[in-house]
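Have a look below at one chain only, the form predicted on its own, in structure tokens format.
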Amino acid sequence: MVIVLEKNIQEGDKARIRSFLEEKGLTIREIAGVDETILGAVGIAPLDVREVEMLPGVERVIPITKPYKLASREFKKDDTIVPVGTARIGGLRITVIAGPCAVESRDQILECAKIVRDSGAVMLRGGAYKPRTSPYSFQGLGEEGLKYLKEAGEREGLPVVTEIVATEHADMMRDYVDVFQIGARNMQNFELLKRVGALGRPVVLKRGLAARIEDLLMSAEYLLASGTDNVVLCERGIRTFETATRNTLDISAIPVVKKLSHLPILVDPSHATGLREKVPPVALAAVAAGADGLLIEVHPDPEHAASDGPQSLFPGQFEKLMRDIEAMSPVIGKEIQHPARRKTGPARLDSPEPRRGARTRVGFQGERGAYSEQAIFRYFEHEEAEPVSFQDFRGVFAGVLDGSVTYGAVPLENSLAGSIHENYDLLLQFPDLKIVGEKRIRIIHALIGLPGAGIEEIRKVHSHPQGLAQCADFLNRHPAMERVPFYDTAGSVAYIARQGRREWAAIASREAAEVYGMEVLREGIETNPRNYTRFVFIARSGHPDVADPDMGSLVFSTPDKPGALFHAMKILADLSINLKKLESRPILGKPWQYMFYLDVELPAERASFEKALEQLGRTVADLRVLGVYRA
């Protein structure tokens, strides 16, 4: 059962509830959410729900109807994010785990680790113990292979994932492994599940060859009930009558699992297809279907691999697949997770290590549920960020300057509407602030109304003028809907929620509807789905420099003479610095004179950028670096 606690419960009451349940023989898990704290109680002890409901501090009790309790969405409504070193599985990032089917030699796994890391994988896979159909096939190198795997992972900064096939290996493997994998053949080896679960390590659990989704979740329940909180499911194809591929990938399992369980789910396209040319399209389909990541076999020389060579990607194929995933991920509102950088340096704004203590305050313009707030949560995915609302953009800049917030999130440009000139001007007007980060998010507009309202009832639609303009085709198809400009998209949702008029609606994000308890009447109503906004994060100039930046933003003016801008651009070209954006803005109080804003890619050799700044300083006027950061 799930026991929802009162918001202001006293610690003494919580302790008494715990003791009462534990005395009944139940195992207790506490989950602290944003809006409520719950206790999950599981076990075989009979208990009358009314006994629990009467305890002081209990708001309500929800029975869990599914046979799998801890893995159920009823137990935990928010998605679980599994931490593995600096990587995370789940949430808004796509995690790619890659490596050979088996560790064959020290040189082979060291080479493969470098290949997959350089292409963007965040974890290294490789089998040391290989359960094979034939007893005469390569069975793996055992503990020797684990030593090589660990060395390769440590050298490249990648956590390692490997399969455990026997309970007696558990204690020995614990010294080498970051994530245990339970293979398809062992999915219902319950003694192995209990032993691995008791280790408390993250576990990747593969679906069995003929297992139902419920069977998979029941196996996950064994792991969770035995002690680990971090279980990752993996769909790797099931046996059917089809023989064109090694297995049949049940891609529908991804959304089904997402609805039934809070656990993240990976897809293994290598075992699903068994053919390397089929792996990339199936991998992209899995990402599009909502998979939290991929488990992919890559080998430096697949044609001479000791096992599963036909399904292992060549290094070039894997590199292209990673680029394709990165190009596709913004369309589904996610981003591919990148490996931790090898270099050491000052802490980054988006450091994956969560901060301790107070939450980081980040200012944004608008109401709760605004797209700016979404950018904050995505950028600070691994930290406790507290969004702080400001009425206008200038207030955000001023709040960062006076220290009332640590960072500010401001939009700089939209892929359809162009640059937000006000914020370019504010960057110039606040010289003591600098850009320290960037996040791009897809803007998905929804028509939002009161719960129970229907589209046919709507007569007035409120939103920011940009929101109304970007949904013009939808509104044109509904001429009965009057367009009412409002100062903010999320603010328009808050407004119609307060007014309580069924015939009124707003255009904003799904997140805004959830914040104000409203209902999404239609989602994805924007005319052009290629609608993205680029947000930058600003901080005071004393903020530590970003480690290993790849972008820089500059501003300068030029002398009033022919070729002045050309000469500035030539400096960048001669030093092989790629110009990503050039924007001009009038200089306040100086008619017909302009400042130029530039975004450039930083070269691998930072000295080239420093040399460019030195040369620009002798060629242009008022040169200022707005920030160097990671895009």
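All values derive from a computational prediction rather than experimental measurement. Position 1 is the first residue in the sequence shown; the rest follow in order.
In what follows, reference is made to the form predicted in complex with phosphoenolpyruvate (PEP), a form of this protein that is not presented.
- Just one of Glu373, Asp268, Asp488, Asp292 comes within 4.5 Å of phosphoenolpyruvate (PEP) in the predicted complex, counting any heavy atom, and that one is Asp268.
- Between phosphoenolpyruvate (PEP) and the residues Gly552, Pro280, Pro202, Gly183, the one pair within 4.5 Å by heavy atoms in the predicted complex involves Gly183.
- Phosphoenolpyruvate (PEP) is not shown here, but in the predicted complex it comes within 4.5 Å of a heavy atom of Arg236.
- None of the heavy atoms of His299 is located within 4.5 Å of phosphoenolpyruvate (PEP) in the predicted complex.
- Contact between His464 and phosphoenolpyruvate (PEP) in the predicted complex is not found at the 4.5 Å heavy atom cutoff.
- At a distance threshold of 4.5 angstroms between non-hydrogen atoms, Lys206 is in contact with phosphoenolpyruvate (PEP) in the predicted complex.
- Of the candidate stretches 517-525, 143-151, 268-276, 467-475, only 268-276 has residues whose heavy atoms lie within 4.5 Å of phosphoenolpyruvate (PEP) in the predicted complex.
- In the predicted complex, just one residue of 151-176 lies within 4.5 Å of phosphoenolpyruvate (PEP) by at least one heavy atom: Glu163.
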